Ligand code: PGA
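Okay, here we've got a single chain as structure tokens, the form predicted on its own, with questions on binding and movement later.
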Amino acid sequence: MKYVIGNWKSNQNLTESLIWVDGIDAIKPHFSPDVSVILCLPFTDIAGFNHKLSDLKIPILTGAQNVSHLPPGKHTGEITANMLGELVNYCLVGHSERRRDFNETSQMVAEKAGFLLGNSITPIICLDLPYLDEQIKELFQQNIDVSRCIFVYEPIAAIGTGHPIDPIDANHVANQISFLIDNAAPILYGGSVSADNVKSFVDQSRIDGVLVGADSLEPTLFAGIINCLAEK
């Protein structure tokens, strides 16, 4: 199975997200049974987006971009894994922007992964070299079943720059992750992915798909990436 995961970050209100669905429906990309297409949306978009996907019978799965590291309780404003359980199948955790802007730690990321798995949501765990070993060690220390996760190598220097790293270098790090988790889970690449370069990444021996940022916001560009993987 290959994966195309879009991350809208803090973009698109509900109205804009429904227009996006109409756009992708008009383009009608080739959804292959061998390619799982997932969109990680702002919390406010998820329910309405799910209804629209269902009405139009578009085979895209939804994910959240974050989840609380706390259980349900007196935590004003937090969105817990229990709340997301009825809405999404996937959730990003540990994105480099959250580490940078919100001081998230590897311990917090592992705690989030545990709550997600307890609510039948697949964690999509983002990694970069400065904290790769630490993060995976923390997952094992908290008894996280890594075989139920997805991992993404997202080099910070490539995110949003339009300059992805060399696919061979990305594959080298993917192999490193694979070794640390005993080849137990899919490993993706994220960082300035486009239709022009996506094949160069998924053609690598240990890269199972891509995490797409900016190009997931435009239906035509995202459809182009889906079609590239469907051709494989």
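Quick caveat: nothing in here was measured; it's all calculated off a predicted structure. When you see a residue number, it is the position in the sequence shown, counting from 1.
The same protein also exists as the form predicted together with the ligand; that form is not shown, yet it is the one meant from here on.
Asks: Name the stretch, out of 26-34, 186-194, 58-66, 171-179, where some heavy atom lies within 4.5 Å of the ligand in the predicted bound form.
Replies: Stretch with heavy atoms near the partner: 186-194.
Asks: Under a 4.5 Å heavy atom criterion, is Pro72 part of the interface with the ligand in the predicted bound form?
Replies: Looking in the predicted bound form, residue contacts with the ligand do not include Pro72, since no heavy atom lies within 4.5 Å.
Asks: Within a 4.5 Å heavy atom cut-off, is Met108 in contact with the ligand in the predicted bound form?
Replies: Close contact is absent here: in the predicted bound form, Met108 is far from the ligand, nothing within 4.5 Å, heavy atoms only.
Asks: Even though the ligand is not shown here, does Gly213 get within 4.5 Å of it in the predicted bound form, heavy atoms only?
Replies: Yes, Gly213 is a contact residue.
Asks: Does His95 reach the ligand in the predicted bound form, with heavy atoms at most 4.5 Å apart?
Replies: Heavy-atom contact with the ligand at 4.5 Å: present for His95.
Asks: Work out which of Leu87, Ala158, Ile136, Cys149 lies within 4.5 Å of the ligand in the predicted bound form, going by heavy atoms.
Replies: The residue in contact is Ala158.
Asks: Any residue of 1-36 with a heavy atom within 4.5 Å of the ligand in the predicted bound form counts; write them all down in order.
Replies: Residues within 4.5 Å: Asn7, Lys9.
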